[in-house]
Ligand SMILES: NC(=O)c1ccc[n+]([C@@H]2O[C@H](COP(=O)([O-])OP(=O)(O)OC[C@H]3O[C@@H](n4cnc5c(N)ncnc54)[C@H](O)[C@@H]3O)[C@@H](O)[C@H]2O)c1
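Encoded as structure tokens, the following chain is the form predicted alone, with no partner shown.
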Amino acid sequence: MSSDNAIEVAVLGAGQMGGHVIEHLADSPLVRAITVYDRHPERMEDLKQRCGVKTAESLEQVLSDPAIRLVFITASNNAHKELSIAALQAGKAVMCEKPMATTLANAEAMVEAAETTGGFLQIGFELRYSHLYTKVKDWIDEGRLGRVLNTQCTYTTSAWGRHDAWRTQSKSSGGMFGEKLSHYVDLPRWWIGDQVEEVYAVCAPNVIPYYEVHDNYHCTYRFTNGAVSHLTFMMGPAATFRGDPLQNAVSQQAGDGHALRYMIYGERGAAETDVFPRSIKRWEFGENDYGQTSEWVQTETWEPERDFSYFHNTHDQALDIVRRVVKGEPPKTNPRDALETTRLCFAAELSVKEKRPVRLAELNSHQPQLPSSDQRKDS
């Protein structure tokens, strides 16, 4: 049942992510009605039948409707800039899925539009809502780890599978780093609380021959305060996930080559987040006559039904954004903060393309181009 101050919301993009967002919004008492628009009428009709949403015949119909105050953009990445700016200029609050855009110039234009209109723009970095990672942030803010000096992320997964998936195409996705890995460079920025100064990334030749984007990265980024973070990503070696309906997804993938693990090291302690064993751990550092000591002091685990709230919490993100718009509060993540993560993604792609470290200051005057498929194969 909706409350008296409930609003109408629109979802632009009726694919998989759009369907998830609609399911989330159904749990909010602050949402009175949901309208969906997509270029594929059959997708809209499917959601209308399954979820009871309204459908729009055009984007203009959504943007001109004064009852719709908030727009969720779940379309393909190459549509993010156009849709976000149009919605902001129409006076709508905007939540746009990551990555912001497929070029840095387009991402900057989105932020400028939000600032010019005074509108609400939040980018979908839902890991800042996910309990596995907010726990680390709490420990840092409480001083339990001390100043964070180093983070390391290891991420291996199976291929997306479909030969024609838009996420594997450079023009529609904007590259693997923004589409898949922006979450995992955003987290260290959030934890460390400082700006990245320099990025160095390398890629081996792809093991997935039909991808236009890279399927692997080793990336190191150095912060202005001296902290260093490293990300190792490989797509392909884990067993192909077929979605056994009789098994929990994470349980089915545990031990078959999938991995998503962070180690976070501070001056006073360390933490580990590990998705597939469903655990988060903390250590405290000390010193005695022998030398440095380390004590394992805390472990948390969770039940399978809480998986997505721990490491992919799009549900609470959607409901919080609705609440913020209704209450007149600003975004949880400032658009310029999201832009910094976006700049880091483009710096990594540029580093791969030009085979050198890239200082973030270069991006103030240099607009990196996405690598072509030929450049990808040669790197």
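From 1 onward, residues are counted along the sequence shown. A quick note: this is a predicted structure, and the numbers were derived from the prediction, not measured.
Although it is not shown, the form predicted in complex with the named molecule is what the next lines describe.
Participant: Judged by heavy atoms and a 4.5 Å cut-off, are Asp38, Arg43 and Asn77 together in contact with the named molecule in the predicted bound form?
Facilitator: The answer is yes; Asp38, Arg43 and Asn77 each reach the named molecule.
Participant: If we take heavy atoms and a 4.5 Å cut-off, which stretch out of 252 to 260, 222 to 230, 108 to 116, 93 to 101 is in contact with the named molecule in the predicted bound form?
Facilitator: Looking at the other structure, the answer is 93 to 101.
Participant: May I ask you to choose, among Glu179, Asp186, Glu272, Glu212, the residue with a heavy atom within 4.5 Å of the named molecule in the predicted bound form?
Facilitator: Looking at Glu179, Asp186, Glu272, Glu212 one by one, just Glu179 meets the 4.5 Å heavy-atom criterion.
Participant: Find the only residue in Met235, Val136, Cys203, Leu83 having a heavy atom within 4.5 Å of the named molecule in the predicted bound form.
Facilitator: It is Leu83 that has a heavy atom within 4.5 Å of the partner.
Participant: Report whether the minimum heavy atom distance between Ala10 and the named molecule in the predicted bound form is within 4.5 Å.
Facilitator: Ala10 lies outside the contact set for the named molecule.
Participant: Check Gly174 for me: does it contact the named molecule in the predicted bound form (non-hydrogen atoms, 4.5 angstroms)?
Facilitator: Residue-level check for Gly174: no, no contact with the named molecule.
Participant: Is Arg167 close enough to touch the named molecule in the predicted bound form, meaning at least one heavy atom pair within 4.5 Å?
Facilitator: Yes, contact at 4.5 Å.
Participant: Though only this chain appears here, would Arg324 touch the named molecule in the predicted bound form if you measure heavy atom gaps against 4.5 Å?
Facilitator: Because no heavy atom of Arg324 falls inside 4.5 Å of the named molecule in the predicted bound form, the answer is no.
Participant: If we check the named molecule in the predicted bound form, which of the residues in 103 to 141 reach within 4.5 angstroms of it by a non-hydrogen atom?
Facilitator: Result: Gly124, Glu126.
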